[in-house]
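Encoded as structure tokens, the following chain is the form predicted alone, with no partner shown.
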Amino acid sequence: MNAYFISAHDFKPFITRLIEARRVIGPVAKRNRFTFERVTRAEDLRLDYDVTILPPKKIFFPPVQDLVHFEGERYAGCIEAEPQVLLGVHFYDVKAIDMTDQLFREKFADPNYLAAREATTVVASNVQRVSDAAFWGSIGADVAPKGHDAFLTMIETGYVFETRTPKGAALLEFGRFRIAEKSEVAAADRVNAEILEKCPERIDHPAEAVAKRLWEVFGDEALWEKLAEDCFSCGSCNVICPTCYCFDVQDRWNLDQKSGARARSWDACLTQDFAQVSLGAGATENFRESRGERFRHRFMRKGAYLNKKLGGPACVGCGRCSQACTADIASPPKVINKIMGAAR
């Protein structure tokens, strides 16, 4: 890892040259919220965002994605990965990318995801503004982000640019960088350490204790039904989660009934029909029929089921689920702290 510095004056020209040479995806304003979109002007890049509406996983794993196009007996895959730079990802979303990288690579590797992932240079950036639902300062603190090629930190005089891979170092040619001084690196370290204490929400217990407690209350159906009492089963908490990776696959036929596409779309385990299967002759079976069962499944997935595989909880503390939940019941800090304090 090497650290470089670029002045505030030279930063906008750097972004402009990068946009001219590469396809750049970054946070841009969408009314009073933010979203990852293609950046065509340096002034549209908003590194001062709090949290994006959808996580950056959509760049590698779109909400709707064609997998195969077919016509008669002919078919062709749809992998068309384009080299690009994903710029301005917060560290908690990098940790979520690490998780989806692992899950999409293991066993039957997903070529569609991996093609887009490997064609992308990921430049993380420091958190300049904290979301009112954020709790990334108190979850998975011992899990370090790895899936990025460079890290950009704004300090008083400019930006410290730490390269992590050759792909990250290759971006230096687009800007007037110099080797960072020790004082500048120290300033960047302080900025990134201090922000961890500014989350308005927190989980008051370590991940191991949370996982243990979730297993203890797994069979307490009354508790889970109470927690899910106001749930609309809309799945909003799933579809905006940076670590959820479930999807549905369906064929879409054109009017000629000879051609079409096989496509996948994000799916959500909080919806009523997610665990419903056909028994034939019009009969069905739902393995998680009640709201409480589905609510329990979500929290077991985030706080217990995958901990050993991922090295920590499958939640990075972004707070998107809290913001998206119409019923105001999806907040992990509120639910986990309530469970931890439930009668034993």
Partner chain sequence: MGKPTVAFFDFACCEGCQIEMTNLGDEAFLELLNHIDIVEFREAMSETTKEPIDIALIEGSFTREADRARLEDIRRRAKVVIAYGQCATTGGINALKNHQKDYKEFVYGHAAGMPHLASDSARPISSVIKVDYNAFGCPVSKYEVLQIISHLVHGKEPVIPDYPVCMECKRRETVCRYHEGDHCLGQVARAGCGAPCPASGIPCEACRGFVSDPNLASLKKVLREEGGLSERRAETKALMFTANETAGRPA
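Numbering follows the first chain given and starts at 1. All figures in this text were calculated on a predicted structure; none of them were measured in a lab.
Keep in mind that the form predicted in complex with its partner chain is not shown, yet the notes after this line are about it.
Heavy atoms within 4.5 Å of its partner chain in the predicted complex are found in one stretch of 85-93, 265-273, 198-206, 185-193, which is 265-273.
None of the heavy atoms of residue 173 is located within 4.5 Å of its partner chain in the predicted complex.
Shown alone here, residue 331 lies farther than 4.5 Å from its partner chain in the predicted complex, counting heavy atoms only. Taking the partner from elsewhere, residue 63 is found to have a heavy atom lying within 4.5 Å of its partner chain in the predicted complex. Put simply, residue 16 is far from its partner chain in the predicted complex: not one heavy atom of it is within 4.5 Å. Scanning 10-38 for heavy atoms within 4.5 Å of its partner chain in the predicted complex gives 30, 31, 32, 33, 34, 35, 36, 37 in sequence order.
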